[in-house]
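Listed next as C-alpha cells is one chain, alone, in the form predicted on its own.
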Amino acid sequence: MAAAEREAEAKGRECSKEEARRRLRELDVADKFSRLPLPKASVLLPLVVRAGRLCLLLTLRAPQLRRSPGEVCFPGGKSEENDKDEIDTALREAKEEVGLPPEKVEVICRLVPGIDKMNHLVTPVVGFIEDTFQATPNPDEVSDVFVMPLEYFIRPLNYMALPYKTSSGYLTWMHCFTYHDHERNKSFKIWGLTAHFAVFLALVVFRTKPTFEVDYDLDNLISSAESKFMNLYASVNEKKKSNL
C-alpha cells in the first residue's frame, strides 16, 4: 500500500468524540422496531475516550450464571414492567451490573436491534461515559470489566469468522475476536451478538472498510443493516409458524 493510501486510511479511522456523536445520531433508529411482537431486552454500549482513542467498556459474565456463563457481553438484560423504553432497560441494567449511575451516561442513540438465542429483540443503546468511571461489578452477575479500543472491531489482531445457524435456522457468519489486554495480561474472546453490535458500532463511527468481510453495504450502512435484521426477523416468524 502506498504511503498516501496508508495516511488516508489512518485519517479515516480517526474520529473525535464530537464526530462520533454526529455519526451515531445520524443512524439512530429511535423506537422504529420497538413494536415488533418479541420479548424485549437491551444492552448498553458504553463509549469512553482513553488517551485520545474511542474505547468500549465490556463485561465478563459471572461463571455461576445459568445462561452464557463466563462470556463477554455488554451490560444489559430483559425489559421489566417499570422500564419506559429500551434506554431505561439498558441504563437500569448497567447500574445493577457495574454500578454505572444512569445520570452519568450521555445517551446518544439506539442502533438496529438483534435477536438473541432465546428470540428476544435486543436493542443496543449507545452512550458516552466519563473516563473517571470506576466500575463496581455485581459479583452475582459480573466477574470482570474491561475497556478495549473500538478500532479493534475493524482492525483486529486476532479474528476469525465462523458459520452460524440461528435458532430459526437462518444461516449467517459470526464474528469472533480475541483481544489481549497487555496491561492486565488477560485475553478475552468476543463473539456472537456482542461482537455483532461492536462491529456495527465501529463501522458507524469510523466509516471505513474493516480488514475482514462484513455483509453490509458500507455505502448504505443503515438500510443494509435494517434489511439484514428484517430478514432475520422474518425467519424467526417463519420458524414460529412452522412450530404451531
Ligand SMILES: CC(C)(COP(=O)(O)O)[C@@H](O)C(=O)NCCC(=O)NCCSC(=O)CCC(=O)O
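Throughout, we count residues from 1 along the sequence that is shown. Remember, predicted model here, so these are calculated numbers, not experimental data.
Just so you know, the form predicted in complex with the named molecule exists too; it's not on screen, but the next bit is about it.
K.L.:
May I ask you to choose, among S187, S68, S34, T211, the residue with a heavy atom within 4.5 Å of the named molecule in the predicted complex?
P.N.:
Selected residue: S68.
K.L.:
Could you check which residue among D85, D116, D144, E151 gets a heavy atom within 4.5 Å of the named molecule in the predicted complex?
P.N.:
Filtering the options by heavy-atom distance leaves D116.
K.L.:
So which stretch, 45 to 53, 215 to 223, 23 to 31, 189 to 197, is the one near the named molecule in the predicted complex (non-hydrogen atoms, 4.5 Å)?
P.N.:
Of the options, only 189 to 197 has residues within 4.5 Å of the partner.
K.L.:
Is there a heavy atom of V112 lying 4.5 Å or less from a heavy atom of the named molecule in the predicted complex?
P.N.:
Result no; V112 lies far from the named molecule in the predicted complex.
K.L.:
According to a 4.5 angstroms non-hydrogen atom cut-off, is G77 in contact with the named molecule in the predicted complex?
P.N.:
Close contact exists here: in the predicted complex, G77 approaches the named molecule to within 4.5 Å, heavy atoms only.
K.L.:
Answer for W173 alone: is it within 4.5 Å of the named molecule in the predicted complex, judged on heavy atom distances?
P.N.:
Result no; W173 lies far from the named molecule in the predicted complex.
K.L.:
Using 4.5 Å between non-hydrogen atoms, is I129 touching the named molecule in the predicted complex?
P.N.:
No, I129 stays farther than 4.5 Å from the named molecule in the predicted complex.
K.L.:
So which residues in 139 to 165, when you check the named molecule in the predicted complex, have a heavy atom no farther than 4.5 Å from it?
P.N.:
Read in sequence order, the lone residue that approaches the named molecule (within 4.5 Å, in the predicted complex) is Y164.
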